[in-house]
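Here we start with a single chain on its own, the form predicted alone, put down as structure tokens.
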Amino acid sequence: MKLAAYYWERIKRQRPAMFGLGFIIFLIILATLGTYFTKSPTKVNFDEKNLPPPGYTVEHSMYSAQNESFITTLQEGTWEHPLGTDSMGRDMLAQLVSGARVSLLVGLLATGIAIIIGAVIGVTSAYFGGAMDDILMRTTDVMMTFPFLLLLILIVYLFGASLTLIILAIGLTGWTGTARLVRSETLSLRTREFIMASKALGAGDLRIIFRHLLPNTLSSIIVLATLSIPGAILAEAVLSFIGLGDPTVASWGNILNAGQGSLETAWWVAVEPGVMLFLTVLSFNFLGDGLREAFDPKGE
């Protein structure tokens, strides 16, 4: 507890990190409790399409065959839809809440899969060395030669677009950085006195790996995970934006895809998810930088 309090005091000194942490907590609350105070994100109402947020008025022109001319109407935003609606009359606030849930789910699960795979490969490679190290690191090198986004697009294109597949694809292709980091740290740890003492006392390889090596790389893994989450979120958003996301969920990428064609008539449909995506990625990066500074022993 004293160690946790020490690190917390160091993180609190960094305003960007505290901003990032505060926004992430807000995002988690929004994703978990938002469904209780918002409408259904899939409910369609064409009578309320492209309503602006409250305080804004937009003009809509429609051609009248009877008058053979364009008729201009004014639409004002209402508090029933505090962030407006899209071209199908769906509530934007409800869609942003759904997008927050999807983004956090993708970011946390995909990064968790990548971290576990990378940590196991990295510590195994460094601890056993020899042929095992050569095989695992050459495999890592081969994986790193493939462009990450193009590999994701290929996987989703071949096997279909579903949220589960996207999470697995990001996790199973994004572990190489973790493997490299854990390997480099394990190489310096395996010759330390406490590791030698554990071996002398008869500790097995698995006990040394899981009780001594991995816990001592945990701080670096936490920092890397925090910095990797926004990459996973952006990867899902890009896939959805180009039409390869799961069409059954309202993710920020899907909303951006739907709103790109109506920037002149309904700018909020694209701007609102874009702002949420920007703030989310920025917050995780701020928090990751803050954790890196807090865990750095030279940062005093």
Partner chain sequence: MRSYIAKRLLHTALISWGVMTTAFILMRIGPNSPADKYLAGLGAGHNVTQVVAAIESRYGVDKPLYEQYFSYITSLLQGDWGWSFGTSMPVMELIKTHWIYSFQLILLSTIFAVVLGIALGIFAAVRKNTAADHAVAFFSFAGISIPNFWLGIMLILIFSVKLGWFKTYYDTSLPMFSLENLHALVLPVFTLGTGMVAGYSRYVRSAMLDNLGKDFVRTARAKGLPESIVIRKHVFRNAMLPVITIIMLDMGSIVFGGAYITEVIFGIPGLGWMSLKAVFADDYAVVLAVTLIGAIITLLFNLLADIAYMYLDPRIRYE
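Given the structure is predicted, the values throughout are model-derived calculations rather than measurements. Residue numbers count along the first chain shown, from 1.
What comes next is about the form predicted in complex with its partner chain, which is not displayed.
Residue-level contacts in the predicted bound form: of Leu154, Met88, Leu218, Ala197, one residue has a heavy atom within 4.5 Å of its partner chain, and it is Leu154. Think of it this way: in the predicted bound form, its partner chain has a heavy atom of just one of Leu158, Ala131, Leu201, Leu206 within 4.5 Å, and the residue is Leu158. Interface residue remark: Asp47 is not counted as part of the site for its partner chain in the predicted bound form, having no heavy atom within 4.5 Å. When its partner chain is considered in the predicted bound form, Pro82 lies well away from it, no heavy atom lying within 4.5 Å.
Although the partner is absent here, Phe146 lies within 4.5 Å of its partner chain in the predicted bound form, judged by heavy atoms. Among residues of the shown chain, Leu291 is not one whose heavy atoms approach its partner chain to within 4.5 Å in the predicted bound form. The stretch from 158-166, 98-106, 207-215, 181-189 that comes within 4.5 Å of its partner chain in the predicted bound form, counting heavy atoms only, is 158-166.
Taking a 4.5 Å heavy atom cutoff to its partner chain in the predicted bound form, the contacting residues in 212-247 are Leu234, Ala237, Val238, Phe241, Ile242, Leu244.
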